[in-house]
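Let's start with one chain on its own, the form predicted on its own, as structure tokens.
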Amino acid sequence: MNYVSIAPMIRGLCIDLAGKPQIAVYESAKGEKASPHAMSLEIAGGDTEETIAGNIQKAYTAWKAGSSTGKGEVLIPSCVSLTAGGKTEALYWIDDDLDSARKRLAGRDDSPRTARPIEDGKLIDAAARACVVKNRVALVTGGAQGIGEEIVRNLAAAGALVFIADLNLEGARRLAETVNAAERRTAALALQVNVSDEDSVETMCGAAAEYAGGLDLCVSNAGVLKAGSVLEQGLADFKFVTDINYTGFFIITKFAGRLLKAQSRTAPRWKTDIIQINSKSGLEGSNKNGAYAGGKFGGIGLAASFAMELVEYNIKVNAVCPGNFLDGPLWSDPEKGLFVQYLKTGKVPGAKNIADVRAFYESKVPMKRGCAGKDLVRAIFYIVEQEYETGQAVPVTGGQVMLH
């Protein structure tokens, strides 16, 4: 029985009923007695995704018939029992956030929950705007350091549960510990991934489904840069950059998209997001940096194409194109940073020190500064909140690149 494929649909049912994010925590329960108030779902081997979604709806109808609610309320299961041949195989414990779902599991609390029916209004909900990612399940690749770390910290501070996915698992774990301590809750979990490897990405998405039941937001942030002239750069370096920046986005979307598609079968009103962290170099090119710019240009093409395909499942796909993060390690590292490299190679005419190099690049930006993590995260929040936009490349460049 493939529990990973079932998790997003169980979570989707609860999202659809509650009208807000839910967490579904998996528990192996082979041979155990089902919880008395659990919603029972019989799963047969070979069932299609469509069949399973239909069975979930039937199981919910049967389950709620035996319970009562107050006037104008909908009933939401806090425990779903997966059975095969009438025998319990697994349980999913469900609540608004991860700590609450884990508490239900630990206390075997399967008592049903209630919510008010969703009402579609014409006015913007100011309170909802302030909680745009609260309790949403997010995944950030390349999240253990650099701009990925800033995205993780900001999402967690705004109330999301964030999977920090990185090749550097120890770094991801250290950051998760720091974030959890700062937020005083389980706000981040570490996963290892190589975004250029399909098996690794599939395993990562399976872990997200097991630990939380699915995803709401996938930020494809992992990226690398190896500059070089087209006349001199080796093919190995070119392919390395392309495999991570371009092909990696395809692989991430493939497997994250499968989770989100399954979830949409039982949550047809819930919109989810895949966002690629692109670059201003994906909008205007970059001198002697063709591998990077080419992959980023291609990423925008992928985002637009994926958006057209996945909109059927209420999955929005967009790109954010930030300007230079002048305060980040790529630029500011005292030994290997681009400021040092450009000073040594004389790339900036007349520059006598690092301050001169920095001033040269700041002068190219109408707002006279580099891009910051908070600038990028505001664009992410905008995309998540904006339900009527997909397939876009949103520039965050301080006016350095203006679309027309």
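From 1 onward, residues are counted along the sequence shown. All of these numbers come straight from a predicted model, not from anything done at the bench.
Keep in mind that the form predicted together with a small molecule is not shown, yet the notes after this line are about it.
Partner contact region in the model of the complex: 292-300, out of 208-216, 253-261, 78-86, 292-300, criterion any non-hydrogen atom within 4.5 Å of the small molecule. Within 4.5 Å of any heavy atom of the small molecule in the model of the complex lies no heavy atom of T247. The small molecule is not shown here, but in the model of the complex it comes within 4.5 Å of a heavy atom of N324.
None of the heavy atoms of T272 is located within 4.5 Å of the small molecule in the model of the complex. In the model of the complex, the small molecule sits within 4.5 Å of a heavy atom belonging to D166. Comment: the small molecule is not present in this chain, but in the model of the complex one of L175, L155, V193, I315 has a heavy atom within 4.5 Å of it, namely V193. With the partner omitted from this view, the residue of V224, L189, L283, A307 that lies near the small molecule in the model of the complex is V224 [heavy atom within 4.5 Å].
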